[in-house]
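Form predicted on its own, single chain, as structure tokens, below.
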């Protein structure tokens, strides 16, 4: 027996009714405090609330890289990783039409400045910034935005989500942090929908930090999965010189799957959630490596992937899979030095099996998410 595997027709413009969390105004340089579970039933159209006054003339924000899917959790599981991501600098600009945003500069990883549009309606950061401005009912000032890409495009590390998250947080903080995290995730989803599809497994952890489970999309219903702080968790991220556009990798997915594969993946996703909550690295790695639906279709599109995964497991990684849509491959371990050794062997395997140069980095879980890193008062 087979079941259909299709992408639901979720709309970023759906009209919703209410939220079940309380908006919190946060002091500068603090991240949003989040409940374990919340729904976001919110319209992206301008609301009737008074327009807030800018608190700063300029802010700089950071949003981390993310690992989506985590094996069997296609489109509903993701986590943030520390130490690498995108920066957005945002300032009030009297030369920009009130209520609008312009993108003044794009710099950073690879050929980002050449490939990314400066039209805010076609740029992840611009779309998210405009969405937050609509939520806040900003009509009196215009903003200019500068994007610094720390993540290469098409890397499988949530590059578009990091840009969107950094921009959403920057606009929100510029005007006093009026919006809650769930609302910023919805603004980021507006951006993701135009670029790679309406899925939150990158944008939610990019904004919220840590592990996030997407329970549903209509209404948007997110659950934070708290990994025990006393446990050591390291992600070995190996990025080959190979671009895997999300749209292309999503097109490789099967239209139908066997019921037996559906049951298997569901059980592995449940085991993965349990392992995260318990801090069970062995169980986490085992579930991470066990996807029977998505990874088998995408792995052949990444030269050397099978050999890289095999080498990682033989080198002592608890688990290994494709990060997001790829081509980055992620392995997990509980020791940083061991992670470096595993990364070196994975890099070598990419060259031997796929003829690709690759770089490896070992990162911790980012439990904070997108945040303000500097500001200039008015």
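Just so it is clear, the structure is predicted and the values come from calculations on it, not from any experiment. Residue numbers count along the first chain shown, from 1.
Here the subject shifts to the form predicted together with a further copy of the same chain, a form of this protein not shown in this document.
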Taking heavy atoms and a 4.5 Å cut-off, does residue 82 contact a further copy of the same chain in the predicted bound form?
no
Does the 4.5 Å heavy atom contact test between residue 181 and a further copy of the same chain in the predicted bound form come out positive?
no
Can you tell me whether residue 241 touches a further copy of the same chain? I mean in the predicted bound form, with a 4.5 angstroms heavy atom cut-off.
no
Is residue 148 close enough to touch a further copy of the same chain in the predicted bound form, meaning at least one heavy atom pair within 4.5 Å?
no
Spot the stretch among 232 to 240, 68 to 76, 124 to 132, 299 to 307 with residues whose non-hydrogen atoms come within 4.5 Å of a further copy of the same chain in the predicted bound form.
68 to 76
The unique member of 119, 140, 266, 113 whose heavy atoms fall within 4.5 Å of a further copy of the same chain in the predicted bound form
266
Within 4.5 Å, heavy atoms only, which of 177, 99, 210, 283 is in contact with a further copy of the same chain in the predicted bound form?
283
Do heavy atoms from each of 192, 355 and 359 fall within 4.5 Å of a further copy of the same chain in the predicted bound form?
no
Can you tell me which residues in 273 to 299 come within 4.5 angstroms of a further copy of the same chain in the predicted bound form, by heavy atoms?
273, 274, 277, 278, 283, 286, 287, 293, 294
